[in-house]
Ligand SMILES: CC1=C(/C=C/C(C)=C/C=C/C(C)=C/C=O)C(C)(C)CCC1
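Given next, in structure tokens, is a single chain: the form predicted alone.
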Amino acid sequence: MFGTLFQSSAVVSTALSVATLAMFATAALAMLGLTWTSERWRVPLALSGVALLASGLEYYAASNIWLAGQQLSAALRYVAWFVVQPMQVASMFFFASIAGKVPVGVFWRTLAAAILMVLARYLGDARIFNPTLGVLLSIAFWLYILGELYFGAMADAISKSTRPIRLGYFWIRLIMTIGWAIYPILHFVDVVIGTGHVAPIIVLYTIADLVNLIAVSMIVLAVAGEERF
């Protein structure tokens, strides 16, 4: 019974609608945070807000497409991912830069890795090259980003910072480690195994986006608020 419920069109439309409202609401909260947090937090907060806004627009379009035909491809997700995931990586750079000096080369390398991570999945999905290769390349670029977060200059800067910043960085990095793992896994099931962008895949992607986007933005806002006082 649960399997049938999970795959029903009502569950998918509900998940997409909830994601739309949640993304827009959290984007508004992040933007409002710009008015009462200190100036040094404005770049990571603004990046988080814009990422949420872009994702909200994607989910709004996805909801309309689903309601019209009860079908949805992964194309819209790639449009959002090409914007959202590089912005999240950029937000982490500026988050760490608040704690201390981080070379600008780290920004460009991690930003390029985030774009290539999404591009690899897209090219595999589009069958421009082997889908399995797309998954493997995507994982490689993701691991490079994690390497910078755990062992690079950003981690060094954070280690010398205040407890709220260290704690916030820890949780965001954990989300980008565990939460982002769902994307290559679902891509493998969707594209390599060939289940297609079916209802369970859509719902799981949506849940992952809710956690990976909203939780990260709220952590940035919470740390910015605590650092203000």
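Counting begins at 1, following the sequence as shown. If you're wondering where the values come from, they're calculated on a predicted model, not measured in any experiment.
The following text describes the form predicted together with the ligand, which does not appear among the structures shown.
Enquirer: Can you confirm whether Ser91, Tyr144 and Glu148, the three residues that make up this candidate site, all sit within 4.5 Å of the ligand in the model of the complex, judged by heavy atoms?
Expert: Judged in the model of the complex, none of Ser91, Tyr144 and Glu148 sits within 4.5 Å of the ligand.
Enquirer: Considering only heavy atoms, tell me if Phe107 and the ligand come within 4.5 Å of each other in the model of the complex.
Expert: Contact with the ligand, no.
Enquirer: Check whether Ser138 has any heavy atom within 4.5 Å of a heavy atom of the ligand in the model of the complex, and answer yes or no.
Expert: Flag for Ser138 set to yes.
Enquirer: Can you check whether Trp180 is within 4.5 Å of the ligand in the model of the complex, heavy atom basis?
Expert: So Trp180 counts as contacting the ligand.
Enquirer: Is the gap between Ser55 and the ligand in the model of the complex 4.5 Å or less for some heavy atom pair?
Expert: Answer yes; at least one heavy atom of Ser55 falls within 4.5 Å of the ligand in the model of the complex.
Enquirer: Using a 4.5 Å heavy atom cut-off, which of 154-162, 68-76, 95-103, 81-89 contacts the ligand in the model of the complex?
Expert: The contacting stretch here is 81-89.
Enquirer: Can you pick the one in Gly168, Pro184, Gly49, Gly33 that has a heavy atom within 4.5 Å of the ligand in the model of the complex?
Expert: Of Gly168, Pro184, Gly49, Gly33, the residue with a heavy atom within 4.5 Å of the ligand in the model of the complex is Pro184.
Enquirer: Please tell me which of Val12, Val220, Leu213, Ala19 lies within 4.5 Å of the ligand in the model of the complex, judged by heavy atoms.
Expert: For this set of options, the contacting one is Leu213.
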